[in-house]
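Take a look at this single chain in structure tokens; it is the form predicted alone.
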Amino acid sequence: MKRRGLLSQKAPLFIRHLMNKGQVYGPVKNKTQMPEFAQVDEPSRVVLDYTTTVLPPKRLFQPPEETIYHFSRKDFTVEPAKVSGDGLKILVGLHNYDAEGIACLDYQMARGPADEGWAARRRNWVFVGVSYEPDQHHFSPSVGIGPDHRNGLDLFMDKADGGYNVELLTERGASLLDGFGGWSAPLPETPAPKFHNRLLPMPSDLPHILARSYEHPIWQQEAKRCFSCGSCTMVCPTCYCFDVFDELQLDMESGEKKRHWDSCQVAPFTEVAGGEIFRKETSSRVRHRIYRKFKYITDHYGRPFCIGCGRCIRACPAKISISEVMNNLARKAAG
């Protein structure tokens, strides 16, 4: 692995260099305390030293709302919406757990009938990671995503004394560096970050714990606190549930079929024809979300479908913690 030093004052110049290579996206300043992933129009707006974002970078590949196709009731025609994946796109300032979250969805979106919109948007991307200082909610090492995890990244900017040590991970990443002359010698390394939140069981034990906990009273206990607002799933990097609806134009003859993010935590999500709701109880929805992260998909994916970013914990108005739930189950399973 090759490394090059990048002084902090040179970082905006490096981002400007990347903007000359392709469209650059990253965590940019907004009106809130947390940055958001968006296209970069000015290097000074990029925030490399950040804790997390409210919404994960999946929004770049699966927008909160998108048109699936256009239709005409008059002509009885249906035309699929065009999704462009042309041109090099560079996502800079990506935390390693978010890169893993994108890899999770790459896997799931290709299962069965592939999600064509996701596949089209995922083409021609290069990922530039950056290290971070965890807060009290992060627990990514507990699901196998420690500070040295580099899966899915092409370059990695490791925070160092006075700047970053840029690691060259792939040929595609190395090609981005051509023509940039602002390097220094590798900088002194800083101490490894300390994580304050963690899961007690090993990742491989999580499905087995849940296999014995389907009727556990903890689901009823957590349901008493849950507002069924769906905040946890809206900010989750590996949730992908959606709903579809038709939007007619004023002429009532043409329109669009659209889809938007939805949540398994709200009762109407499982409502079917006739008004039946087959996951009506709040406890069943709370349980379903956690089983989706540590059992159902894990059984065939081979690793947790939770990346330990802690976004759901931060967003929950009832302060329900997915890590605390699993730790409580693990303690009772051991006892």
Partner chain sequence: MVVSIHSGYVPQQAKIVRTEQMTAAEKLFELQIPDGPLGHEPGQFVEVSILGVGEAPISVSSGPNRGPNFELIVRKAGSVTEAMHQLGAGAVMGIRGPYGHGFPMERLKGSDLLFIGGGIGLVPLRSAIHYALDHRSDYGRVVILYGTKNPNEILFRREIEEWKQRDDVEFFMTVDRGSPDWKGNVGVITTLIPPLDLNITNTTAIVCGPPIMYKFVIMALRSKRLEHDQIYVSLERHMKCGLGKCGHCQINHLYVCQDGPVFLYSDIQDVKEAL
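None of these values were measured; they are calculated from a predicted model. Positions refer to the first chain, counted from 1.
Keep in mind the form predicted in complex with the partner chain is missing from the figure; the text below concerns it.
Judged against the partner chain in the predicted bound form with a 4.5 angstroms heavy atom cut-off, the residues Q9, V28 and V46 are out of contact without exception.
Only one of 49-57, 306-314, 36-44, 64-72 lies within 4.5 Å of the partner chain in the predicted bound form by heavy atoms, and it is 64-72.
For the residues V83, L200, M234, L168, the 4.5 Å heavy atom test against the partner chain in the predicted bound form is passed only by V83. M109 belongs to the set of residues with a heavy atom inside 4.5 Å of the partner chain in the predicted bound form. Using a 4.5 Å cutoff between non-hydrogen atoms, P113 counts as a contact of the partner chain in the predicted bound form. Taking the partner from elsewhere, D135 is found to have every heavy atom lying beyond 4.5 Å of the partner chain in the predicted bound form. In the predicted bound form, the partner chain stays beyond 4.5 Å of every heavy atom belonging to H216. Along 236-269, these residues reach a heavy atom to within 4.5 Å of the partner chain in the predicted bound form: Y240, C241, F242, D243, V244, D246, L248, K257, R259, D262, P268, F269.
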